[in-house]
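Listed next as structure tokens is one chain, alone, in the form predicted on its own.
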């Protein structure tokens, strides 16, 4: 099938590469000429495991092309995906200007009938709104289908190739069938293609993300209660998660959620929920709790090292909002680092993938180290901000020898209390009793 993809960002590029890999002929468009040239050469503008190789192989096979011309992308296309950003406005509402502009651009470039698929995360009613916009700018039949993505950064290819489910919201049965046909190669493991109304599909994406965010904020709130009552959150988690109705997924205490989806989606759902005169107190509390996690970590550090951190040097491992990505959007580490800098601290950082992303934000205000151990010498403490695999079994003797004092603040609960105590560290983690320094 011939497919056009409007937007070559995270969702657009993954969708384009995966659909091309299943035999479709895909043309992806982006307004940035430099990005397009890089993609034509097989270079991805961001890190996602396996994506660069997938792009390169499909470009070489002539199934995947890139252009800055929207007309070239949709010419002869049976399906055109809209995969552009819907960033938050100051009040948390989704900004739909980019997707509306993309829809109009597609409509004006059409040379025949086409199914437009909304892949972006949008408020309920957006599909109907886009359908009217498109109809006003073309004479060709062009039904709009909602097909929200459920990609996790770091595992996006597996999520696309082996989805838990595919959600298709369509008011036009035939248009929904076309989108289902595109996804059938990926559900041969008997995972469902869920057909529903367009509005229900739009709300499903927000509701799913908000629920997962709620689990994260809930366990973080329980973790704070544990800290105040000298209870180990891990024991509570085991007791809760063993209940089949609850499970262990997204029940890990830490610094809270970040990235491009959860923060904006929780706020957007609350925003259009309020506009519909619904009570959204829970969603608002989820967001507040998430921000509080970062504040609590800063409070813990300053409570131990002093309110004024002038003359203090801190080593930070982890900048990305999660492992296996270079994405620092809404990353807890950035908020915490900013607060530490404002308090007068010197900060040396390492991340396996997100160094350049952080450098674009902080510039020379930080020290950047390719080797994580190079960030440690003369530091007053080590801060763990992202749960990268390479941080899980470090050389504790080397860490202890490099630091001014054996002090670790762990925002991801990477280490067992028993292990940390054996190496003689003072250790502060999330929802677990602190480990006092032992030994010399």
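Residue numbers count along the first chain shown, from 1. Here the structure is a predicted model, which is why all the values come from computation and not from measurement.
The same protein also has a form predicted together with a small molecule, omitted here; what follows describes it.
Trainee: Looking at 266-274, 183-191, 299-307, 114-122, which stretch has residues with any non-hydrogen atom within 4.5 Å of the small molecule in the predicted complex?
Mentor: The contacting stretch here is 114-122.
Trainee: May I ask you to check whether residue 86 falls inside a 4.5 Å heavy atom distance of the small molecule in the predicted complex?
Mentor: Residue 86: yes, in contact with the small molecule in the predicted complex.
Trainee: May I ask you to check whether residue 6 falls inside a 4.5 Å heavy atom distance of the small molecule in the predicted complex?
Mentor: It does: once the small molecule is placed as it appears in the predicted complex, residue 6 has a heavy atom within 4.5 Å of it.
Trainee: Give a yes or no for residue 138: in the predicted complex, does one of its heavy atoms lie within 4.5 Å of a heavy atom belonging to the small molecule?
Mentor: The answer is no: residue 138 has no heavy atom within 4.5 Å of the small molecule.
Trainee: Does residue 149 make contact with the small molecule in the predicted complex, using a 4.5 Å heavy atom cut-off?
Mentor: Because a heavy atom of residue 149 falls inside 4.5 Å of the small molecule in the predicted complex, the answer is yes.
Trainee: Check 10, 30 and 260: does every one of them have a heavy atom within 4.5 Å of the small molecule in the predicted complex?
Mentor: Yes, because 10, 30 and 260 each have a heavy atom that approaches the small molecule to within 4.5 Å in the predicted complex.
Trainee: Quick one: of 329, 248, 162, 365, which gets a non-hydrogen atom within 4.5 angstroms of the small molecule in the predicted complex?
Mentor: Comparing distances to the small molecule in the predicted complex, the residue within 4.5 Å is 329.
Trainee: Identify, from the list 158, 75, 101, 197, the residue with a heavy atom within 4.5 Å of the small molecule in the predicted complex.
Mentor: When the small molecule is considered in the predicted complex, the option within 4.5 Å is 101.
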